[in-house]
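The chain below stands alone, shown as structure tokens; this is the form predicted alone.
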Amino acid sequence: MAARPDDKLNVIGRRQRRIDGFDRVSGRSEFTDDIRLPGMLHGKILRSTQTHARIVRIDTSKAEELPGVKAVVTHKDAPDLMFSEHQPVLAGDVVRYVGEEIAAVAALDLLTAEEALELIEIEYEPLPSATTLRQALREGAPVLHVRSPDNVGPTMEKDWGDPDRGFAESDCVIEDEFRTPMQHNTLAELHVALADFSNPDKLHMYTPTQGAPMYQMELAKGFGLETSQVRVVYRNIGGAFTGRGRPKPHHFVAALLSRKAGKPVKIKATADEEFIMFRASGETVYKFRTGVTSDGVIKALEADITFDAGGHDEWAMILWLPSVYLNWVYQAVGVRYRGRFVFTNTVPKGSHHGGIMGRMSAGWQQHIAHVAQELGMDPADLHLKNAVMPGHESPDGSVFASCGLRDCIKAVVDRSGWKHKYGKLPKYRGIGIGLGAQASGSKAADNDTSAAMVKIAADGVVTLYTGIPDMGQGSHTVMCMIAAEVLGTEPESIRVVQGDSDITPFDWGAFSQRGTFTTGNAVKAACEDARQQLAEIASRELDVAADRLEFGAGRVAVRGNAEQSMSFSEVANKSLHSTEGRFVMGRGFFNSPKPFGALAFSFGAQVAEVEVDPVTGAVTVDKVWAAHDIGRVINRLAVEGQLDGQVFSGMSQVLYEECKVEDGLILNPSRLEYKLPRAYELPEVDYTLVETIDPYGPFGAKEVGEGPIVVSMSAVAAAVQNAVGAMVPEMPMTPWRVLRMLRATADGSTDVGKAWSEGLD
């Protein structure tokens, strides 16, 4: 019994339409807000109106007396219910940002809940506040937390390899500074949680999520339950972009209200609340330093990053992710990293699309282009000279078993006509190249496991049970393609059961680019288990050894003799109706043998060509050439769609997106005011899919999740840099900032950092 050889794959590599496409476009897809439970109440959260204040008094009596109100909760109802190590779910004595959760109500209808919030009386004692990094770091700044008298929270300092030697061996050391603003993930589906805690022994949580286990663990810890006592149900999900990796305060509040009221409670964000509840990226300052020889060999890389944590430090991973990323692109002797959180009186921060590295890369790759300029080199040549290769072991210990980075660079340079354009385009036109890498299924826990199950009915229909959510990226279609390839059937004959932690097998979820890689390996193993069972039945029926059978085109045949075969459904039927009555059920799991980090890495290169309007400062992205090393293409149609989406989101962050904040209050909390490009502004994208056949991925596949956006942001930023004549030190590169750059470089200057920083608040 054998699967088809790699050169005879029937399903993998095709252009497969989404298996759930009809439901999506017809409106039949069910989202969390579509769910109604018997007796369901509506919850609303009372939020702080102060940037920093002491809570002197809370009076909820009038709200409690309002007809239709079934529960009111404040800190006193759950003083030990913590969202993070130092942060209660509902504020106790002090609030530290506008929007912090103070109280909540549950009522029969939404209007009554909103009216009840207005009846809650709060008396504040205002405290001094610091709402920007500069304010928080000034001498004598208001202190947000006693444990951090200088407002500096957790810090990470790490040397990989020998950066001191690398800088000592360098002929030239270049330094640059870059800033990014607070940005929002702009999810298609607003935050929503429906909690049913009416049975104190079981919490049912309905919510969009990237993975159930993290929600189960944190909610269980908060309410003193075992993880098996928390059921997480998720249906379709309207995007995540790193924004749904763990529960947020409203999940705890909904459960708390449900427990007190004895009824299910739904909390859904309004458009304004969405910008408070989001926990995306905050203001960040990057200082880059690179040591290089006169002939262009990068010896040492250094990054010093200051993150605005907001009022509380919630996402520790923000500190360490950039440190390892610096190791994955160039062959440097050493890497030095320093990251620190700074507390400000603003909404706590998380991560935007691109997993922190995208925003950093928009500055870092401009910095590398600046290095090339100082050396008098073509940046594409500098990239190619220093790019990592297959088998390379980086200073952080990552080993690249497959790596097509150099192939990607060569592809985009060739297809874009780079050599005929770089330095030769008309004024106000620019071309830029960016590189990037991304881990496939980076392991952050010893049991970073995905499991899968399949059952095969007598008519040959396969049911796949998986815990991986599909957030719009097409994971379930990919899983069906992997299953169909192993079993020799078609994706359309596979049904997916997902979205319920009480039913589906364990899966950490769809983050760290682990869907195709980790869950795909689990699905492949489960189907191989089922195929082995089917082969035992078929071998008896066909009177041949099981290892001589092959599965394909809906049949099980003797290798080399297609006439001696049975249909897939016949074999399944024979199995169920055999003497033992075997009902075929396969199981599989995958847990990387590596104790920490990733087994596989994807790589990419992109070239962007832009035009700058010298009158308005507006930037138009004309075309992007994208090459991505994905190991092996599973669904070519989905890969191209992912590349389109990543280019769109990448240019959106670089050119448009910014939360405008004044005194801790977000001034543009809506899709009308928070600027995003329109669909027609997506540039033409030229695709090159580089297949390196990774030894660890399912059928050799790697990620194509957030890997491309890291590259898109760097390519677009580098193109604008090329068009205006100097590194643009701040994002987004809005028209007024671009005009400022054009004026600053009008005299031919390429060092505008000092002039730019003097204009910052």
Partner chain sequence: MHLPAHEFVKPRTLAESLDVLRQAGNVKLIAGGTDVTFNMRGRLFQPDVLLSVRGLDELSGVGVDGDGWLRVGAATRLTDIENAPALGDWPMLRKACRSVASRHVRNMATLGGNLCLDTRCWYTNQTAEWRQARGPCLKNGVEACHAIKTSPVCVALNASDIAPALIALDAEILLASADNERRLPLADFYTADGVHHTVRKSDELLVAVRVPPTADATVYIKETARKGNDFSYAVIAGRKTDERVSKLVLGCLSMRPIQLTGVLDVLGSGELTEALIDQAADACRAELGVLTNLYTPAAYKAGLARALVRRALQTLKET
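Since the model is a prediction, treat every value here as computed from it, not as a measurement. Residue numbers count along the first chain shown, from 1.
Same protein, other form: the form predicted together with its partner chain, not shown, and the subject of what follows.
- Residues placing heavy atoms within 4.5 Å of its partner chain in the predicted bound form fall in a single listed stretch, namely 608 to 616, out of 608 to 616, 310 to 318, 639 to 647, 445 to 453.
- With the partner omitted from this view, the residue of 678, 427, 147, 424 that lies near its partner chain in the predicted bound form is 678 [heavy atom within 4.5 Å].
- Put simply, of 374, 272, 414, 459 only one has a heavy atom within 4.5 Å of its partner chain in the predicted bound form, and it is 272.
- Residue contact check for residue 669: one or more of its heavy atoms lie within 4.5 Å of its partner chain in the predicted bound form.
- Looking at residue 674, you'd find a heavy atom of it within 4.5 angstroms of its partner chain in the predicted bound form.
- Although the partner is absent here, residue 324 sits far enough away that none of its heavy atoms falls within 4.5 Å of its partner chain in the predicted bound form.
- Remark: residue 114 counts among the residues lining its partner chain in the predicted bound form, judged by a heavy atom distance of 4.5 Å or less.
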